[in-house]
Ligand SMILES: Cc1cc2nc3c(=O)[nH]c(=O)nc-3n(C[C@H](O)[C@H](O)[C@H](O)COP(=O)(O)O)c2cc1C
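A single chain comes next, written as structure tokens; it is the form predicted on its own.
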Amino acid sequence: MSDLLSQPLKLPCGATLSNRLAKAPLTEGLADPHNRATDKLVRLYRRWSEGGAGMLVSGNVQVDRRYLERPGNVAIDDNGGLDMIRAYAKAGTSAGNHFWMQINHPGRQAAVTRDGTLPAPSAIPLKIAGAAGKAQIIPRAMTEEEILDIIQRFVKVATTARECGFTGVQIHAAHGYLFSQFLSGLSNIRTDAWGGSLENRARPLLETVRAVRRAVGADFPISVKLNSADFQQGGFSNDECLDVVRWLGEEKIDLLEITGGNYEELPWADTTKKESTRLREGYFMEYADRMRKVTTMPLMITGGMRSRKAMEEALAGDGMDVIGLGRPMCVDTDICHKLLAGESPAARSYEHELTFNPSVLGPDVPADVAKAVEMWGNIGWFFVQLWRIGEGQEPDRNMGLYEAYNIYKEKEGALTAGLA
């Protein structure tokens, strides 16, 4: 058995990851009503730190408290709570691993808007299946002043992360959030210097990377999370991605995490996949070789990797440098230790074991409603496990999808109602 997973990785900035496994960024929903870090996050990340990964990446920390991806987001926006941010960082590095803060702005995908608006590159609403007939906020096109302000907000959060004990940052430019919206020709139809050509559409991301690097210094890891593609006709394509990857390489970022999709096209949330697709590991591996040809930066893949054998093969093939694990770590916080020690041949793929019987919804429920409940129940199941760990309980592996869906709805509703 090879042992590539246990090999250290030296990053371009000089920092070293102790092994090739990472806890991928996952939205946690464990902040307080003021969007500050809590003891629940401290408890959760201490468990993950002790679990053996060489690096942890936080869930997205928002740069503007007015706009949240969900009500339980941590935000750093003059809302206090820096002592808890320090405790959060200390817990996440307690075993000597790296702990990077993922920084984000949701743009038009915000689930919470405190001023009733949704800032975006252009005034183009989301098109989400099942949302027909529902009231929807039309996004407003951001002014150039707002765009420049967002860049400085990312800088402020990054410098706060370093000062509070995080060992790196990740700039979120994927999954249809603000920088991803700027990159896509479907959501960015601006005609000024922030739209039109791909170079202009990539400008907010690249300007932010440069500004963050100036602020945190050359020795502090900066990562970017980027879609390999949006999987939408006319959206951010893989060919465009390769150009952006080249430009990010010129900025000398330390790690690129590859992913894909957005709220309009959710490849990771499709519960109707054929079994052959479900069993295929590494949802985005097919893009890795193309990216490796255009840049030498370390690459991280998250999504679908479960078996130790597949992880080792991905590392041996020189396409990947770091393997990100997400959902398995919501239940088994020690899985990285087990994989590294060879005690487990694979991380358990809980999402493929969860089943849903639409009959629990009662008669005459439309098929699209049943599918939405199944999807959100699947996603909510993992959120509930994080909440349980944060509250000092053990994960409930026997929880059903419908039960998880109802708990998720109740908790998210309470969080929204309690926002200060």
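Counting begins at 1, following the sequence as shown. None of these values were measured; they are calculated from a predicted model.
Keep in mind that the form predicted in complex with the ligand is not shown, yet the notes after this line are about it.
The ligand is not drawn, but in the predicted bound form it has no heavy atom within 4.5 Å of R108.
In the predicted bound form, the ligand lies farther than 4.5 Å from every heavy atom of L340.
Though the partner is left out of this view, G59 does reach within 4.5 Å of the ligand in the predicted bound form, counting heavy atoms only.
The ligand is not shown here, and in the predicted bound form it never comes within 4.5 Å of any heavy atom of T208. Judged by heavy atoms within 4.5 Å of the ligand in the predicted bound form, the contact stretch among the candidates 25 to 33, 390 to 398, 369 to 377, 356 to 364 is 25 to 33. The single contact residue among T333, T167, T302, S237, judged by any heavy atom lying within 4.5 Å of the ligand in the predicted bound form, is T302. Here is the short version: of H98, R201, R308, R327, the single residue with a heavy atom within 4.5 Å of the ligand in the predicted bound form is R327. Although the partner is absent from the chain shown here, none of R20, Y287 and R292 has a heavy atom within 4.5 Å of the ligand in the predicted bound form. Of the residues in 383 to 403, only F383 comes within 4.5 Å of the ligand in the predicted bound form through at least one heavy atom.
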